[in-house]
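This text opens with one protein chain seen in two forms, each one given by itself as structure tokens under the names structure 1 and structure 2.
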Structure 1
Amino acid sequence: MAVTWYGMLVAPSRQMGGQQQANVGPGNERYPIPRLGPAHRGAEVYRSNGCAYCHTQQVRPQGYGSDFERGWGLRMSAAQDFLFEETVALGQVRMGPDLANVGFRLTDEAWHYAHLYNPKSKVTGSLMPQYPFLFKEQPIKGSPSGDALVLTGAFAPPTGVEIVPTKEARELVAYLMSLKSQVPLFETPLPAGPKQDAEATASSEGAGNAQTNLALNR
């Protein structure tokens, strides 16, 4: 009992418990940065709805699975990435794609809203459940609301009705957009090959744009 306790609890705590922010990039920027505002609250929406029961947030090492080939990250995930997570949602099953870098891959908020309201409206054959309770259905008064979902065809609401996201939906999308962990770290440098270009890209704000060419559904 004592040996197991030491090996599985004490020793990992001694190694990982004292982790601090790292200095990264040419400007010695601090990484990771704690989430604030809606993105911070969105993590609670993610937790309370059990999103981690279908989605992981961990890019496995290159050569172990196909996470790199699917474009889920430029480097494997590291413990450092989760330093400021209040509830670490690494996940244990992939019934949906990995979300470690979804903030880089899918940068359109409107896409996320429509996808949460009805996943099949964006991904044909998706097994993800709908989250209509994160949205409000309301009659259109005058002109449509600026944040009304753009749904077409079979997914469009009845005439005179619009679908708008609730506060929880906004926070959840803000959280999803904040999921970015491609900054090269000492323990997880970017793989050889396109390292120079990728490193420069991942360290900059332009990383999102560089990743948008990755397939949405891989």
Structure 2
Amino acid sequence: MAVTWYGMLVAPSRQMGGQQQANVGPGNERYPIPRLGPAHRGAEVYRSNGCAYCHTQQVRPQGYGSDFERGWGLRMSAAQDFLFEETVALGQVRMGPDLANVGFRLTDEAWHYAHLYNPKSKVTGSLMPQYPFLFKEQPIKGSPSGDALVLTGAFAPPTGVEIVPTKEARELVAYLMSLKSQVPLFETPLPAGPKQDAEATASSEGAGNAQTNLALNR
């Protein structure tokens, strides 16, 4: 019992407790850094809305599923990625795509707002629920607000009305944009070569195209 207790509790606690920030990149930037401001508060919005019930934040190693092939990450997740997380939202079910690196994969904030308001406006056949309570309808006074959602067709609001994000929606999107795990670590280096970098850039720039929709539906 003593050996089991040590192996399951003490040893992992000592190993995780010894994790520290790493110096990465040509400028020796520190990774990870604590989330501050809206992104920090957005983590609570993420948790309170049950996002972790359908999304994971853990890219599996090569050969353990198709995470890499789906473009969900450039490397497997490591314990160091969660160094400053108050509550780690690893998740267990993938009704939706993994989000460990979504801030690098989908860089258009307007896309995220429209997707949260009505996922089908961006991903045909999406199973994700709508979150209209994170937005508010208001009459257009003069010209539309700069942060009003651009919705067309069946998703467009009534004439003279615009949809704008609430404080919680802004915080949630800030949190999603902060989820970036493409930094190379000692135990999880990035794949070598320019091909992977080009593919990652294409995935990031193509948030609104059919290829991105296919990846999100998986």
Partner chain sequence: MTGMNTQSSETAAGQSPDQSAMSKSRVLEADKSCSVPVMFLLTWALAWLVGGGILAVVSSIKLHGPGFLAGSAWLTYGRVQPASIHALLYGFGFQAAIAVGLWMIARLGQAELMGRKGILLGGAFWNLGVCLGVFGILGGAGTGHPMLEMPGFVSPLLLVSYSLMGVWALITLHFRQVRSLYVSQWYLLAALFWFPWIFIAAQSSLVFHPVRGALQFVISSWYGHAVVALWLVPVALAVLFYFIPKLLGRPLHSKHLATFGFWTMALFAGWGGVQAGAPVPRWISSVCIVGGGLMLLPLIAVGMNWWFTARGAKPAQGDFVWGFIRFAAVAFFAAMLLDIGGRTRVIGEVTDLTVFSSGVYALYFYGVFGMSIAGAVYYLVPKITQTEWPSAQLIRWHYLGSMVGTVLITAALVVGGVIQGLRLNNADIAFVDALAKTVPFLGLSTLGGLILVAANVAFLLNLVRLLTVCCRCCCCLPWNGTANGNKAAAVGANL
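Worth saying up front: this structure is predicted, and the values here are computed from it rather than measured. Quick note, the numbers are simply positions in structure 1, starting from 1. Throughout, rigid core stands for the largest set of C-alpha atoms superposing within 1.5 Å between the two forms.
Only structure 1 of the pair represents the form predicted together with its partner chain. Core-based alignment between structure 1 and structure 2 gives a C-alpha movement of 3.3 Å at residue 6.
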